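Shown next as structure tokens: one chain only, the form predicted alone.
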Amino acid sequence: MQNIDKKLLFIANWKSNKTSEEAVSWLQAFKKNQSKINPENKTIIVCPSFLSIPAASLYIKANNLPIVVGAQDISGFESGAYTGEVSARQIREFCEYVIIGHSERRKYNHENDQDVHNKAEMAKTRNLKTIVCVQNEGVLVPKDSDFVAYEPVFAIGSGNADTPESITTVFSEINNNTGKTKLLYGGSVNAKNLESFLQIPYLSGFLIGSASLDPDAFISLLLKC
């Protein structure tokens, strides 16, 4: 299956990095290089921390940047007495996408498959597009997920990405198990290895962590296709 003729998602997951001021500085650097980027074959999504989302969203709209804002997480509850939670209704004010079930959420916040399912259901109540992360082909995926992101734990932040051959196998198994065809890869994606992934069947884009923190490094990825 050939995927390079359709729009690929490039998702910048900034994790717990950047203040609002730093987020705007990143976007200013992006703007300076915007003319180099072809927006016709890619969807660029930036996922700041909750506190930086409003500032990023306002700057993107004011400068008409070809960037969509996403959230890194979402509450599994509706609005109400849930201290510290950010609801789908609140997120939808600024965002179109949301990451759910990232391995770091599963590890540090002990999220399980039921939590992921609940969050995906809440996202759908506000028409948020969901990016559900899985660490292997056996992880359960909510039925209404828009995208499934395969992120092997050993590759996250290590500089050692999975191989195209292994990703191809995992994608095939995910497709067999779920019927999903919009699959993403995340885990040490960089400008040197990105092109080797472009021919993988079902590939719909990339979930990018470390390489998205530097605007120049992220732009170098965007210029690869």
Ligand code: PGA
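In case it trips you up, residue 1 is the first one in the sequence shown, and so on. On a predicted model such as this, the values are computed, not experimentally measured, just so you know.
One more form of this protein, predicted together with the ligand, exists but is not displayed; see below.
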item: Site check 156, 187 and 207: each within 4.5 Å of the ligand in the predicted complex by heavy atom; value: yes
item: Touches the ligand in the predicted complex: residue 104 (any heavy atom, 4.5 Å); value: yes
item: In the predicted complex, residue 151 touching the ligand (heavy atom, 4.5 Å); value: yes
item: Contact segment among 166-174, 35-43, 48-56, 188-196, judged by heavy atoms lying within 4.5 Å of the ligand in the predicted complex; value: 188-196
